[in-house]
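As a starting point, one isolated chain is supplied in structure tokens, in the form predicted on its own.
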């Protein structure tokens, strides 16, 4: 499967760039989009569906035997064996629709329930982050590494919030980050934050509630950039929410000491 994984990575990178261009075209004319409300502050637009459809069509054409699960559909593939692609067409939809330039297109590939590929494309800055298990992580072909930060008092940690979780849990998480002496960011895109952990821009990211499509591509990036990440499939399936983290090795004790983040790391 080694050559097949390389072929999938090359194909996925091209698909991501094309999908990102489509998403960016929608972004610049976002005032024309039809928007639906799925839940409190949980939005979906015609752009989300169009971008996911494009990715699905290309993947199905190139790899017809593979299964696909995405934010907008495909839950029946969540427990499939063999290759399973996990798509988030626009992670950070609320930012996207408000014109805030922090959103991305993200993609991960599981093979027999083991995460093997992760890609995140930032169309605003034209930056493609990609990783293959055992082969490192790159940004536009150049190797990236997590930070060497070991002191929480010098760290910046990202987190995420959704109204699907109890507000008190998030407040407790943020309080613990601050009491550890670390700075805190909530950018609105878990996938892009994980890519930025992998690139050493922030030192860790912890979320108490996310979906697989929000995060699995980023978890692969963090691991292959020399960081540590939890295993999404530890305690959940791909169509179920879970809590996860990704961080620089020097931040592992700090992250695992946060409330709700006492998770085992993904076995290499």
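It should be emphasised that the depicted structure is a prediction, and the values quoted were computed from it without experimental measurement. Numbering follows the first chain given and starts at 1.
The next section is about a form of this same protein that is not shown, the form predicted together with a small molecule.
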{"property": "Stretch in contact in the predicted bound form with the small molecule, which is absent here, among 116-124, 84-92, 171-179, 149-157 (heavy atoms within 4.5 Å)", "result": "84-92"}
{"property": "Touches the small molecule in the predicted bound form: residue 214 (any heavy atom, 4.5 Å)", "result": "yes"}
{"property": "Residue 188 within 4.5 Å of the small molecule in the predicted bound form, heavy atoms", "result": "yes"}
